[in-house]
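Here's a solo chain for you in structure tokens, the form predicted alone.
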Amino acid sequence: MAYDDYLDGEKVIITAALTGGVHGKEANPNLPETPEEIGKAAAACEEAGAAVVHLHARRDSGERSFDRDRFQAITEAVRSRTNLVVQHSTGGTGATLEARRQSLRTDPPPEMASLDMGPLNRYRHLTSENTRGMVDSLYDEMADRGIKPELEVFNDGHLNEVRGLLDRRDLADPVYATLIFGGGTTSPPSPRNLLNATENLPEGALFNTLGFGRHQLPLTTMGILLGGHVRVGLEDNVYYGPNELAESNAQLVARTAGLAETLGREPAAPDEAREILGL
């Protein structure tokens, strides 16, 4: 994807990341945690312009869950209310490989799942290991179940890992990579680093832009201009503006959809996203 895709007015896929697995209602009371809350939030995001929903699971206590049945309940809550592309997280700081497989085993399986491309440090005590063996193992189960991987690139070194995965495995086109910017071992958030990352993607790959915190708005806007797709939501950013908590995930999606339209790219509907992503 490139600037020409922007000039051609290619539709933009907006992914809504609703809840995540790190912060909870203590960071923003509007962050959904239960299946009912997540289902309602997903429906509001679809109405606001999202085509894909990125899902994590929480226990009743609000703590992160890797339980297959919890993912099943959340997926059913979303599917009963929306036509959104369902994308499950397989990430997990400190979680075992077996725990991280559970989100792939719902019935039916998710259409997409995240696949971290390498190690990641965040905050003081959070590390996600992601050895190549773990990456290959998760990918192989996705391939067996017909799940498209969303390749999560936390820094430039992970672009090498994308190419390595392509050498080791036969990924269906189009390759879809999310370029991530923020703190810890993610790429430093800057327009130049986003531009460099897009220029180092494999030929023909589509990209999605994710900026944590206050970097969400400027970097996703730049991602739209560079012909890419974008991800927003309370998982990545609990604020709408300086010292102003977001009212909902849908509020962040609506702003992004409006920006895309202003810049000449219409948000893709879920079935249009399926066609773009080759689902």
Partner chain sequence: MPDVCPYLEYRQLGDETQSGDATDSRPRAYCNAAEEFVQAMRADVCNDRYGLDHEADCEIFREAAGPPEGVEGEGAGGD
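Positions refer to the first chain, counted from 1. Note that the coordinates shown come from a computational prediction; the quantities given were computed from them, not determined experimentally.
The following text describes the form predicted in complex with its partner chain, which does not appear among the structures shown.
Think of it this way: in the predicted complex, its partner chain has a heavy atom of just one of Ala143, Leu104, Ala95, Val175 within 4.5 Å, and the residue is Ala95. Shown here without its partner, the chain carries Lys40, Phe212 and Glu247, none of which come within 4.5 Å of its partner chain in the predicted complex through any heavy atom. Mapping the unseen interface onto this chain, Leu195 falls outside it, with no heavy atom inside 4.5 Å of its partner chain in the predicted complex. For Gln251, no non-hydrogen atom is located within 4.5 Å of its partner chain in the predicted complex, even though that partner is not displayed. Using a 4.5 angstroms limit between non-hydrogen atoms, Tyr240 is distant from its partner chain in the predicted complex. Proximity of Gly21 to its partner chain in the predicted complex falls within the 4.5 Å heavy atom cutoff. Picking from 187 to 195, 79 to 87, 151 to 159, 124 to 132 the stretch near its partner chain in the predicted complex, with a 4.5 Å limit on heavy atoms, gives 124 to 132.
Along 154 to 169, a non-hydrogen atom within 4.5 Å of its partner chain in the predicted complex is carried by no residue at all.
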